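Just one chain follows, in the form predicted on its own, and it is written as structure tokens.
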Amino acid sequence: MLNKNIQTFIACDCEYENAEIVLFGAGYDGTTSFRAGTRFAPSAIRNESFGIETYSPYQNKDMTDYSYFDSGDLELPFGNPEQVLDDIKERSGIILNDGKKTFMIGGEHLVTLGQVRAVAEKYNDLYIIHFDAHADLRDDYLGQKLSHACVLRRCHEIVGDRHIFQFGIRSGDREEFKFADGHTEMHKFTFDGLPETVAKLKDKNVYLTVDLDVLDPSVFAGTGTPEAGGVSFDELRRALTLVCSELNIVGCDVNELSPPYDQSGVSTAVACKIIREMLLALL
């Protein structure tokens, strides 16, 4: 049983017992390698979510017709990434064991590993769909194996070969792309191949992780490691709607908004709208 946060994402204020999806924030950026600030994302997203509508004209669905619960942010120890991952795993496990879908708002991308650990304990034969500008497949980054640059490599150690499907990737070192050739299904630059992937995973348990820097930085400037190129807002929205509505998503996250790097607030508004579209497509 979790307590309701005082401030919630728009329309995520039902009672916990009635919730179909439970949100929580993991505002951590302790391994960020370029520009820090993602620790502020969950609270910024909650604040700015009231600038958008609960109704989606894209899907003709309204959040007020469904049951969402926002359990607030974890208090995370910034000097101890393993403890951070344990805390995330614990919160995710509570939600999953109560028969609900868990939706995490990061934070840097390392936080995904904590939730994947929890989901993999509950669901056998887990698959991961990964939207990102970066491969995140390094075995270590500056000697550290727990890093946002290594998170999908650590997830691969849990789910195994050909269980990770990556889209939008346009950055990484040579060894990451070599590793992907032998171990993941990587679709560089775009969402080409996504419908085929959805068809392949139709009856599988799927975890969805979204690094918002998959977007073109002209659309989404507020991120720690912006990469030139990338997809449009509508391309990402369509891809997420397809995945969330057609597959058995057993857990998901949205990461890597860094509000200090877009003082206009546009990047935070984009993140809010992406989260709304995901929440509606999941139910």
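As the structure is a computational prediction, the values presented were derived from the model and not from experiment. Numbers follow the displayed sequence, beginning with 1.
Keep in mind that the form predicted in complex with another copy of the chain is not shown, yet the notes after this line are about it.
Participant: Only one of R170, H183, K122, K200 gets a heavy atom within 4.5 Å of another copy of the chain in the predicted complex. Which one?
Facilitator: Here the answer is residue option R170.
Participant: Which among 151 to 159, 68 to 76, 124 to 132, 205 to 213 is in contact with another copy of the chain in the predicted complex, heavy atoms within 4.5 angstroms?
Facilitator: After filtering at 4.5 Å, what remains is 68 to 76.
Participant: Does S218 reach another copy of the chain in the predicted complex, with heavy atoms at most 4.5 Å apart?
Facilitator: Within the cut-off, so yes.
Participant: Looking in the predicted complex, any heavy atom of Q263 within 4.5 Å of another copy of the chain?
Facilitator: Looking in the predicted complex, residue contacts with another copy of the chain include Q263, since a heavy atom lies within 4.5 Å.
Participant: With a 4.5 Å heavy atom cut-off, would you call L283 a contact of another copy of the chain in the predicted complex?
Facilitator: L283 lies outside the contact set for another copy of the chain.
Participant: Look up in the predicted complex whether V22 has a non-hydrogen atom within 4.5 angstroms of another copy of the chain, and give yes or no.
Facilitator: Yes.
Participant: Select from 50 to 74 the residues with a non-hydrogen atom within 4.5 Å of another copy of the chain in the predicted complex and write them out in sequence order.
Facilitator: Result: G51, E53, Y55, P57, Y58, D62, T64, D65, F69, D70, S71, G72, D73.
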